[in-house]
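Here you get one chain, nothing else, as structure tokens; it is the form predicted alone.
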Amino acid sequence: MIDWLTPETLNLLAHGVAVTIVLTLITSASSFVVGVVIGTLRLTDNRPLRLGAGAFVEVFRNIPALIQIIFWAFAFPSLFPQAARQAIFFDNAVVNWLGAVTGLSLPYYAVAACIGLVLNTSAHLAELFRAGVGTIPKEHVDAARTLGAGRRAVFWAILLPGGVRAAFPAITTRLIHNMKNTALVSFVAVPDLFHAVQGSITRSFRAIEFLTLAAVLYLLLAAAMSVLLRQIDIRLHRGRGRVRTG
């Protein structure tokens, strides 16, 4: 066995990988839902909603994810008086329950990290979904409306599935990027993989070895995620001709 990979270090890294996977699943699923909702609002005839959705995309897409994570973790709670801040973010039934379930000493920081990642990723996904809807032939929508389908039926039957199918290769790339962005949560003391690697380097002073190991682990996670999303892409296109991916 490699001498710098002690049982304690392996447990730390395994826990970090588990946290990274959970963060990826939560933020990817949430970002997809929020992205579709915002992308849909970008297409609405309601001008205030359309402008609001556009502002959401421009703001959260162009602010770096790290800044958003740090803002929600540290700056946002500081807007509240000290007593209220403690009660709202760090000492209440929900936060205490999250701490008991996850084992995190400061679960709010993990929640803040998820908020930052979801806002950033969903803003990108909203534009990808909107572009995907734009590839749907107008004749399909017109034909459905001619047959008596209302706007809601057209959205659920044509625009939503068609937009997701068309945009899914680009969505895949963005979700994998979101997984890599989870490394940023280590800056707010969330014990993910990169945080575990940083701790291991501090204990052993073997930066090259642990950073190389981190690179390999992230490559493996990206490869596994790519395979999973590829299978979803295939299912989305089943019966609709050959799947084309970017």
Partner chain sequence: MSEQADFLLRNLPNLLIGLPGHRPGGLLMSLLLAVVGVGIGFAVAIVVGSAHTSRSRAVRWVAAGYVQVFRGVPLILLLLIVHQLLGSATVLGVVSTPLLSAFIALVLYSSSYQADIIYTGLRTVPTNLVDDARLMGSTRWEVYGHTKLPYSLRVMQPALTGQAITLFKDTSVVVILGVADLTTSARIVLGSDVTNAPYWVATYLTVGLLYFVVAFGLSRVARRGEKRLQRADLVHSLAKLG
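Numbering follows the first chain given and starts at 1. A quick note: this is a predicted structure, and the numbers were derived from the prediction, not measured.
What follows is about the form predicted together with the partner chain, which we do not show.
Participant: So which of Leu41, Val34, Ala183, Ile26 reaches within 4.5 angstroms of the partner chain in the predicted bound form, heavy atom to heavy atom?
Facilitator: Contact check passes for Ala183.
Participant: Please identify the residue among Ala157, Ala75, Ala143, Ala100 with any heavy atom within 4.5 Å of the partner chain in the predicted bound form.
Facilitator: Answer to the contact question: Ala75.
Participant: Does Arg50 reach the partner chain in the predicted bound form if we count a contact as any heavy atom within 4.5 Å?
Facilitator: Arg50: no contact with the partner chain in the predicted bound form.
Participant: Give a yes or no for Ser30: in the predicted bound form, does one of its heavy atoms lie within 4.5 Å of a heavy atom belonging to the partner chain?
Facilitator: Ser30: no contact with the partner chain in the predicted bound form.
Participant: I'd like to know if Ala93 sits close to the partner chain in the predicted bound form, meaning any non-hydrogen atom pair within 4.5 angstroms.
Facilitator: Taking the distances in the predicted bound form, the answer for Ala93 is no, it never comes within 4.5 Å of the partner chain.
Participant: Could you confirm whether Leu147 comes within 4.5 Å of the partner chain in the predicted bound form, counting heavy atoms only?
Facilitator: It does not: once the partner chain is placed as it appears in the predicted bound form, Leu147 has no heavy atom within 4.5 Å of it.
Participant: Looking at the partner chain in the predicted bound form, which residues in 219-236 have at least one heavy atom within 4.5 Å of it?
Facilitator: Sequence-ordered list: Leu219, Ala222.
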